[in-house]
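Coming up is one lone chain in C-alpha cells, specifically the form predicted alone.
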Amino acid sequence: MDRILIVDDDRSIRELLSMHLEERGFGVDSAGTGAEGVRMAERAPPAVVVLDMRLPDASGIDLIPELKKHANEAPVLMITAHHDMATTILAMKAGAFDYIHKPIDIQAFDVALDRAMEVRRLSKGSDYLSVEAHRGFKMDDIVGSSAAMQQLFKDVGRVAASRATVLIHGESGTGKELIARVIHSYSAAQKPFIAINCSAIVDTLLESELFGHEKGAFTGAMQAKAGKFELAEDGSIFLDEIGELSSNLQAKLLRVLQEREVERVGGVRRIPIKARILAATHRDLAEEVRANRFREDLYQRLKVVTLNLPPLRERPEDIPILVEHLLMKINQRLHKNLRRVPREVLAKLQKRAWPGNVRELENVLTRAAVLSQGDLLLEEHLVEQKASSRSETPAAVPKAEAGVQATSDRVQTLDEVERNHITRVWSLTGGHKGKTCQMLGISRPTLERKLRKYGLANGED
C-alpha cells in the first residue's frame, strides 16, 4: 500500500485529507510540525508528501529539500492559503511538484496526486533510455542508425574527399547546414566556413554580401568591402535556401560558378575564388526549373553531387539516439540533469509527425528540460502547445474545469458543476457543516442555502 505523508499544522485539514486518502486506498501518516514530518519521512519514506506552506517551526519551502532527501525524492504537493505569484515561483523553484491553494478543491487535489503517483511509478521503473553524460558524441555530430542515415553518412564521406559542388536537399529542420559543416570539417577543417541565408537578406543587399562592393558603389558605401566568396578563401561557402534567389542573382551566381571569379558591385576588377560551394534548399529545384522559377543551367551546375536528407517522420527508429544526443547538448547548455527517458515516453515521441523535424524535436526537449525537475523526462512536459485533438488535452486539467463530463461530451452547467463538488465534499465530511464550510471556503448561511438548493440532507454542526 502506498503511503502519503501530510505535514500541516491545521488538524482539520489533516483529518479531512486523511479521510479522503484512506477512502482512495492509501495509507496515511500525518504531522503537525516540520520536524515531526522529517522524522516520519526518514522512518517510513512516503510515496508523496503533502506539505503546508507555513508551519509553526519552519517554512514549508525551506523544508522541501530535506523532506525529499529523506523521502527518496518523493514528489511534494505544496498547499497554501497564499495566491501570490512570488510564493508560487519560490515553491516550484525549490522543487515542489505542484502547488495547491486553500480551500482545497478535492478534484484538483486528486489530479495533482495522480500525476505525482505516475511520476513516482516512472521514476521507480527500470525500462528507460539512459542518457550517458560521456557518450562518444561530438556536439556537432549528425546521429542516426536508420538505413537512410547510414547511407547519408557514406555519401558525406565520399563527398568530403573531393572539392565538388554539393546541393543539399531537405525539409526545414532536417539539418542541412549541419551536414554542410560536417562536409567542411572533414575536408577543410582549418579553412574558413562562411554561411549566408539567401532568403534572409533583401535582393539589393544580398548581391553586395555575396560579391562585395567598392567604395562609393552606392549610397552609404563609405569603404570597400569583401564579399562572402572572397572571405571564404580556399575554405567553403554555404548558400542556404538557394531556391529563393532572384532571377538576377541566379544569373550572376551562374557566372561565378562558370568562371570561378567575382566582380565587386561597382568594380571592374575580377577576383579569382577558390572556395568550395555548398548549397541547400527545401524546394524541389527540378520542379522550380519546370515552372521557370529557377535557371536550368544554374541547377545543373549546383547538382554535381546531391544529398537528400530524410524527414524525421521517415526514420522514427532514430528518435531514441537523437533524444539521447540532444539531451546531452541541452543538459550542457541549460545546466540540467535529464538522464532518464521512460520507454513509453520514447514510444509516443516516435509516433509524432514532427513537421519541424529534428529542430522541432530539439525545441520540444528544451522546453521539457526547462520545466522538469530531477533527472526524469516526463510526458506531461512534452505536450504540444496547441493540442490537435481532444485526446491531447493535458491530464493536469480537471474534468470539472474542462467542463466535460466523464461519460459524455455534453458541457455541464455551472449549477451542475457546483452541485457535484458540494456533494463530494459533503460526503467526505460525513455531513459535518463546519468541516464542509472550511473545505469549500464559504460561510455557514451560504452552505445551508446551497444544501437547500441542491436537496442535500441536514448534517452535523
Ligand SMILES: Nc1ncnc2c1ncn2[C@@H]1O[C@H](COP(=O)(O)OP(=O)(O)OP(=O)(O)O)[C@@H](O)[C@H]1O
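Start at 1 and count along the sequence shown; that's the residue number. Computed from a predicted model, the values in this text were never measured in an experiment.
Although it is not shown, the form predicted together with the named molecule is what the next lines describe.
- In the predicted complex, R301 stays away from the named molecule, with no heavy atom inside 4.5 Å.
- At a distance threshold of 4.5 angstroms between non-hydrogen atoms, S172 is in contact with the named molecule in the predicted complex.
- The named molecule is not drawn, but in the predicted complex it has no heavy atom within 4.5 Å of A275.
- Among residues of the shown chain, R359 is one whose heavy atoms approach the named molecule to within 4.5 Å in the predicted complex.
- Residue in contact with the named molecule in the predicted complex (any heavy atom within 4.5 Å), chosen from K176, R120, R339, K228: K176.
- Of the residues given (E241, E261, E233, D375), E241 alone sits with a heavy atom within 4.5 Å of the named molecule in the predicted complex.
- Heavy atoms within 4.5 Å of the named molecule in the predicted complex are found in one stretch of 346-354, 365-373, 263-271, 321-329, which is 321-329.
- Heavy atoms closer than or equal to 4.5 Å to the named molecule in the predicted complex belong, across 141-162, to the residues D141, I142, V143, M149, ordered by sequence position.
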